[in-house]
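The chain that follows stands alone, in the form predicted on its own, written as structure tokens.
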Amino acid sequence: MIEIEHLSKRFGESIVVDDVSFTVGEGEIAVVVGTSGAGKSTLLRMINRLVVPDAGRVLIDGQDTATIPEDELRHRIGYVIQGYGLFPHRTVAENIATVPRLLGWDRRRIAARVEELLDLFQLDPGEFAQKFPHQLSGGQQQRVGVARALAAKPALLLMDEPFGALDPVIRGKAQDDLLAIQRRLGTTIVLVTHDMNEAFHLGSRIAVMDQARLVQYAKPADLLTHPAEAFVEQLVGTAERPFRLLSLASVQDAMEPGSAEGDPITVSATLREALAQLIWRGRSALPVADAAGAPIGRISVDGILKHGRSLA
């Protein structure tokens, strides 16, 4: 658990972070959003003390980070920045091994961990371990950057605009990969982004910052249905709010008994995806299939709209 208590920071006469407090539960993804200059990145850097707060404190599993030696703290917290910060003259394997080497792991343990992470990120060790960063695509560099941050098995991962340099197609795949790996490892993540679609896709909870203040910290659905003030309402997008609500629910939530004609929609698809398919195919209903492809019900436009009204 991460507890952020009354953090504040000034640079000269400018208040960059103003009395910010929130808690991130174990295994959650907390996404920090806001306009440029709202204090998002400074807040993130205060968690691992790359920036020392003027007031307030950060507790990790009840321990004040100010009492932890800086080197030890940095080794316990993974950190990923935009551009990934890979060492250009080190191989992929050497990049991933950076923190384990600093911690004094033996060669066999390091090699096993590098291979494990390359497999986890779907990068064949035989093909990628000895490549250099310039030989990788942007998406591959991003995966190596996250793998390096996870190498020493940190309980907390900080990510500052990690997907900002990726094109939209690769970005979506990278987000899905992160979610899948996070669910598998149970890592607690605090991620900064300016992209609201990314925030709603990834966040267990979303922290909205404006002019150095935290104006709301809530689950995505609560942020959409009960924005705390006009700024939050503007940020989440009035016209987009119904569709974002549908993207937070799955087909299973609005599935009906019975059958329908046409190619099935998977039960794990979002209601937004299902509605798009129904409209695109000109259907009022489509069958729903489980992960094995077996039919288990149907989804209809009326059912989606009814469920959507219950969320609003």
Partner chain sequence: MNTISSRTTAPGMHTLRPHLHLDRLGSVIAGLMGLALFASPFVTYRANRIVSGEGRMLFDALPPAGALITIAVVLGVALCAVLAHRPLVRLAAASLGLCVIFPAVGFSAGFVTPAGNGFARVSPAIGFWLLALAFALLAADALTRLRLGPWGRLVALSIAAGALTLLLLSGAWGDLSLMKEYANRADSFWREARQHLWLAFGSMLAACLVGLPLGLASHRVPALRAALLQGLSIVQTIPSIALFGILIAPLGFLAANVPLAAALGIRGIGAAPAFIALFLYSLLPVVANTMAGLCQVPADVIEAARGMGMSRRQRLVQIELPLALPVILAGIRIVLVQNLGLATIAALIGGGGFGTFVFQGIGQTAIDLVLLGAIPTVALSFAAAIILDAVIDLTRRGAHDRD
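Keep in mind it's a predicted model, so treat the numbers as computed, not measured. Residue numbers count along the first chain shown, from 1.
FYI, the form predicted in complex with its partner chain isn't displayed, but the following is about it.
In terms of contact with its partner chain in the predicted complex, the residue from V169, A230, L102, A180 that brings a heavy atom within 4.5 Å is L102. Only one of the listed residues (R107, K153, H89, R184) places a non-hydrogen atom within 4.5 angstroms of its partner chain in the predicted complex, and that residue is H89. Using a 4.5 Å cutoff between non-hydrogen atoms, G85 counts as a contact of its partner chain in the predicted complex. Using a 4.5 angstroms limit between non-hydrogen atoms, R241 is distant from its partner chain in the predicted complex. In the predicted complex, its partner chain sits within 4.5 Å of a heavy atom of T98. In the predicted complex, R148 approaches its partner chain with a heavy atom inside 4.5 Å. The candidate stretches are 28-36, 251-259, 48-56, 278-286, and the one lying within 4.5 Å of its partner chain in the predicted complex by heavy atoms is 48-56. Counting a residue when any of its non-hydrogen atoms is within 4.5 Å of its partner chain in the predicted complex, there are no hits in 168-191.
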